[in-house]
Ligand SMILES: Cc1ncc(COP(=O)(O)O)c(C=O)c1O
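Okay, so here's just one chain, in structure tokens, the form predicted alone.
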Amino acid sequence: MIEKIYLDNAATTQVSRQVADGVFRCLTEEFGNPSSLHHLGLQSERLMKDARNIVAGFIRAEDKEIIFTSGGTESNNLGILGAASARKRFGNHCITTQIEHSSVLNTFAYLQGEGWDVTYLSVDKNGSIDIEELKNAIKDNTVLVSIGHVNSEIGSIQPLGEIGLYLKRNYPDIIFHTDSVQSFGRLDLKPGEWGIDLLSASGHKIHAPKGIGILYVKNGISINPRQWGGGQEWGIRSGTENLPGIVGLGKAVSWIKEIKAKEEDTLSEIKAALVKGIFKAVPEAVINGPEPGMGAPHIVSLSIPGIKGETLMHVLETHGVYVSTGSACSSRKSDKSHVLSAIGADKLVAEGTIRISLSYLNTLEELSCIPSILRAAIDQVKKYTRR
């Protein structure tokens, strides 16, 4: 039986054992509705409060600044649409980037259909925005800026602190939102210190279950809800809370804090060793976006010009290695990646791209065989295509 090596963690992660145990207890024992007044309800409310406290502390926020949602997509929709609609009387201009996740880009496309003016900032070959372009894009009627922290396809990192503090010093009324789905749990996040008003994150990217996410809403920032009901989550996101998911998210955050506290192999060290080995075994490989040693610690966008990325992905699967060709939310589309287009990748590079993404469950020892497997898979593809 072929051993499985899972390297598609930017799409989703395996739920850790500690998290799974906590979720199971919520499904079978501690299953009360947090709004109920009996013992099971009060017990569930306490579990939810504990998880909220853990998540808030992880990003140096206050408990009441954390809104639980169903995931990153809902958090992005709620943050962007909620902030925009709450400020429509002050202006109708928003700013984002060309390389945002589809849950951000499609939300702004909806706003444009409703008459909003949206500016899409360009990026350089590394996937980085130009701060001067952002400054020049701001208008008298700008009410919202939304810039993702880490790009899910190439791992580029935007300078949130520099952006947020500039906005707060010069345009304090502009709301600053960030999609931090790919950085939450992997990079340091300080929304309070960085001038961030709204921050989205998702549980299944950090070994929690699917179906749970957060929207950080800074104290004093008002957003309009997108659904109405019993008034849960301070009226911003009504609906019976997903207690198993919430508890799972709290336990995943606690587990990650423990891992970070130990002096073991870090994601950055594992990525550096992996990239070094790949370049040695596959000298024709091209890295998309940030140079090796830069960018997010868990994402490597790799191209083999002249080989179809999807074909290589499936051949690697026969060797027990699971990667992707890009963002899971757009991988089934045949069009060239909007991210690779934005950084100027040519057709051969774009078509030959695979994404390797790591998690805290990957180890240096486990990944030591990846360069040789990748070399063998590439040679196998070339052999087939020559026939």
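So that there is no doubt, residue numbering starts at 1 and follows the sequence shown. Here the structure is a predicted model, which means the values were calculated and not measured.
Quick note: we don't show the form predicted together with the ligand, though the next part is all about it.
The contact with the ligand in the predicted complex, taken as any heavy atom within 4.5 Å, belongs to 101 out of 101, 271, 87, 237. Note on the partner interface in the predicted complex: the residue among 289, 185, 72, 79 having a heavy atom within 4.5 angstroms of the ligand is 72.
Only one segment in the set 203-211, 242-250, 129-137, 189-197 has any non-hydrogen atom within 4.5 angstroms of the ligand in the predicted complex, and it is 203-211. Remark: residue 181 counts among the residues lining the ligand in the predicted complex, judged by a heavy atom distance of 4.5 Å or less. With a 4.5 Å cutoff on heavy atoms, residue 10 counts as touching the ligand in the predicted complex.
In the predicted complex, at least one heavy atom of residue 152 sits within 4.5 Å of a heavy atom of the ligand.
Using a 4.5 Å cut-off on any heavy atom, none of the residues of 342-373 reaches the ligand in the predicted complex.
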